[in-house]
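Coming up is one lone chain in structure tokens, specifically the form predicted on its own.
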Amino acid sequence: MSASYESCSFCPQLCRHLCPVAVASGHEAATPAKMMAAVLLAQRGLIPPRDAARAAALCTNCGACQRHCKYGIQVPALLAEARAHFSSPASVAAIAPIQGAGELVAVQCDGRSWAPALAAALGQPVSVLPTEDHLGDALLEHRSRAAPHLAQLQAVLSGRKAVSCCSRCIQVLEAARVPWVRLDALLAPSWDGPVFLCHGELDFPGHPLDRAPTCCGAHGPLASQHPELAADVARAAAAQLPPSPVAAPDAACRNALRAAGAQVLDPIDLLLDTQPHATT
């Protein structure tokens, strides 16, 4: 593992121009090479572990550096290993009880109440699982210690199926191995405009943007541990979007870009637009 950190540390930063955090912030310490160098220095006892953990958290897991690296170094995975090794597990909230008796459970993570609109569209009851910390996704940085939390989520959702369009919540649902479905897969949104696909290709109506931003800043540890830099990334991404509305399949992307001033709609917005009577 140290060999990979060394390779990046002595690389002439050939992937710097692709890293959304380095480009948006302009900080030398936010380049992939410097992140990896900080981990190497901590491994050798030359800087405190907490400094390496903070450096390794300057990442959105977009994978742009890895795709560009001709040596195939898995930078995001190595930085995740470093964070797990040098940082302490985050404190997360206990899983809240489910509200309602419906088999489908809307995971509401950003203050929008969309379960009533989904229930009206489907013609069946929809329960609610509220969460203010994306089901405790920060704990996934320490998978070995996340087992009790994930077991609690399994117990709460036993016999039900979660519905979400937030990648941060979906990561936790997948880690807990509970049944879940994307909102836009359950109920296809009506949209034929431009789509911003961040962190992966999804089957979503409309057409992908040409020369879209690499990342919106809402992913990986950056958003939770370096919120000001995450906002810089979101502003840089928003500046590259057209002034007309754009759809984003991911609620996390939508929230980051809207906070930066962009007109972005996600499956929840499109659902609520078709159900004007629903409480929002």
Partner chain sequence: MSKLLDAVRRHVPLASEDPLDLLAAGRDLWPRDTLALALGQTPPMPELVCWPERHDQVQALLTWAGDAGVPVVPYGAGSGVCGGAVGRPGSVVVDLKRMRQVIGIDREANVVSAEPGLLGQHLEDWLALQGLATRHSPSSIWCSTVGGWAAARSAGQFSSLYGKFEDMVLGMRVATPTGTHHTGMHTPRGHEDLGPLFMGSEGTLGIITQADIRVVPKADQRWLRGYAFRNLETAWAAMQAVMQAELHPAVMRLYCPVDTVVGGRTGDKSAPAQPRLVSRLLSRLGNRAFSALEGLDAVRHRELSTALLTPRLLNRVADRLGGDVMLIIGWEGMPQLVAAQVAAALPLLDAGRDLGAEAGEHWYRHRHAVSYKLAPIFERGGFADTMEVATTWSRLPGLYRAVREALGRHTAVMAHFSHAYPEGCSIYFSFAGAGTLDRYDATWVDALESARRAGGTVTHHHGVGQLKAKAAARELGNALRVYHTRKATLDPGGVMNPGRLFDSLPPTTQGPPPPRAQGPVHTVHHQDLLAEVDPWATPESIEQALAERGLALRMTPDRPLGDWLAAYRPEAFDRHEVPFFGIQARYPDGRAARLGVAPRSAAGPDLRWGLLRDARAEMIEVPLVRLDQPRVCLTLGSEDPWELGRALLRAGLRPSSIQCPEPGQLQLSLCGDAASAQAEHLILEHGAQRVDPSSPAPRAPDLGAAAAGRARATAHHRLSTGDGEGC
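As the structure is a prediction and not an experimental result, all values here were calculated from the model. Positions refer to the first chain, counted from 1.
Quick note: we don't show the form predicted together with the partner chain, though the next part is all about it.
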Could you work out which of 241, 37, 247, 222 is the residue within 4.5 angstroms of the partner chain in the predicted complex, going by heavy atoms? 37
Quick one: does residue 6 come within 4.5 Å of the partner chain in the predicted complex, counting heavy atoms only? yes
Within a 4.5 Å heavy atom cut-off, is residue 16 in contact with the partner chain in the predicted complex? yes
If you check in the predicted complex, is residue 64 within 4.5 Å of the partner chain, heavy atoms only? no
Residue 268 near the partner chain in the predicted complex, any heavy atom under 4.5 Å? no
Segment that reaches the partner chain in the predicted complex - one of 127 to 135, 83 to 91, 172 to 180, 70 to 78, heavy atoms within 4.5 Å: 70 to 78
